[in-house]
Each structure stands twice: as structure tokens, then as C-alpha cells.
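Below you will find one chain, with nothing else, as C-alpha cells; this is the form predicted on its own, and questions on how it binds or moves follow later.
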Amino acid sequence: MDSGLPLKIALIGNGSIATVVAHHCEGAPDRLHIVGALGLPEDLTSVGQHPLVQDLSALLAEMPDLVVECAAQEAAQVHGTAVLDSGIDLMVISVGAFADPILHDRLETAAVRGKAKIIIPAGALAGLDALGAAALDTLDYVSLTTRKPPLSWAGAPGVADIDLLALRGATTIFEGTAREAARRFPKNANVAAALALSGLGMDATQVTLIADPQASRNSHQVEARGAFGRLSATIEAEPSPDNPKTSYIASLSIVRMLDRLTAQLAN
């Protein structure tokens, strides 16, 4: 990645996150170049200047240095192993996929086989760098409280029995582990999985999810205690303009990671 040539990037996805990533890369052609994107059958127009393909083999034939998943957990499940087996690094924004221990092991095994890396950006959370450092010593407690407008949770298996439109006040819709949160709210709880992977793991990270009719933003509050001291970090994130289930800053976290991978000074 320090050859002096632009980093060749392939995208899995052609939606709101891919749009942000494409716009940024097109503004930094000396460092970042998107060679193509894997779209869905209904995707007829690319969100950027790069071509769209409908088959992973056609995407990998472009010889990318890095594949960026910016679609959904299913994309990591279906395509992740093949990318890593090809010896190509994989950046995963749908971190909730790692809640499945079988898939987690399969991806890590493929990464070893292909001598490739799995890269996880911070997503919509603040404080992950500090938490990862804290986890190098004793870490006693990590929790996440996420609050979103009710309709941001719509369609998740975890709210199948809840009338979201009938809520008149802040309502806790889930309390449990990060693993279960990521399974029951697959399009919302990637932050829980990212936090877990940085700290105590999927089964020891406590998660509370709240549907709040008064909320205008997606908020995530991280609390942690350990040998390092105490950590408290809160972010109130604007939703993505095209997808209220995703925070805009999640897209920006991919851009930030791409910049770090190609910068002379990585901070």
C-alpha cells in the first residue's frame, strides 16, 4: 500500500455508504481508486464513476488491493470467504456478521489461508481506540446504550411484536449481550458488534436498545471500567440521508480508514 500507486479498491454495495466512499475516493485519485462495485440485480446505475458488476469473480478480476463491504451482513456472509481466500484484504462495515461464531471462524481461517487481513472501521461509535488499548490489560465492564427514533428499528426481528408507531415515550426494546443484539437487530446493531470485538467480546458486552419518539438522532453511549480507569463516550449521530437505519458517520469511518491506510502520517 506504499508503492506510490493509488490503492485499488473494490466495493460490495451500491447504496448510501458506497456513495459516500465513491465521492471521497474520486476526490483523492492519487491515493484511492475504485476499480468496480458488486451490485444487486436491480442496480442499473453506479453511484460513482466506477463500473458495476453482478458477479464477484468479475469484481476480483479487477485485481483490487482491498475489498470494502458496504452493503449488509449478508454480503460478508456470502462473499467474505472468497475475497480473503483470494489473498485480498477485506474491510467489513457490517460487523454484526461476526456475531455468528461459525462465520467468524470461517472468515478468520480464510484470512490466514489467503494471507489477507480483515479490517474493521469504527463505524458509528466513539472511543473504540481507547477501549482497544484498555483491553490489553484487565477490562471489567463494557456496555452500550443505543437510542434511535422508533421507525429506525422497523423490520428488525427483535421488534416483530412491538407496534413502533404506538410508542409515546422512550421504550427499551432490547437488553442483553452484543451477540444477541446483532442477531435480533442485524441492520442496526453493527455498533454493538464493533464494540464487542474491541473489548470484552460478544457475550460479555452488555447492550440496551431504546426506541424513542423524541429522538431526532441516533445516539450511542459507551461505558467501560477496568485497570485503565473509566471510559464514557457518547455520540449523537445524524442518520444517513438515504438510509435512516445507518448513521452517516459510519460511512465516514470507512473513508477515515482508507485515508489512514494510504497516508504518510497515520494518526
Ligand SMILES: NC(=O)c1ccc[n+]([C@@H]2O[C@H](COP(=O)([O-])OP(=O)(O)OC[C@H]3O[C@@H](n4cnc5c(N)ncnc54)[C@H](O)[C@@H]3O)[C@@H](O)[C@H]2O)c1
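In case it trips you up, residue 1 is the first one in the sequence shown, and so on. Since the model is a prediction, treat every value here as computed from it, not as a measurement.
The form predicted in complex with this ligand exists for this protein as well; it is not shown, and the discussion that follows is about that form.
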Verify the contact flag for residue 196: yes if a non-hydrogen atom of it lies within 4.5 Å of a non-hydrogen atom of this ligand in the model of the complex, no if not.
no
So in the model of the complex, does residue 39 come within 4.5 Å of this ligand, heavy atom to heavy atom?
yes
Can you tell me whether residue 207 touches this ligand? I mean in the model of the complex, with a 4.5 angstroms heavy atom cut-off.
no
Contact label in the model of the complex: residue 90 to this ligand, heavy atom within 4.5 Å:
no
Is this ligand in the model of the complex near all of 15, 72 and 250, within 4.5 Å of a heavy atom of each?
yes
Exactly one stretch in 82-90, 117-125, 134-142, 162-170 has heavy atoms within 4.5 Å of this ligand in the model of the complex; which is it?
117-125
Of 62, 43, 203, 26, which residue is found within 4.5 angstroms of this ligand in the model of the complex when only non-hydrogen atoms are counted?
43
Using a 4.5 Å cut-off on any heavy atom, which residues of 177-206 would contact this ligand in the model of the complex?
190, 191
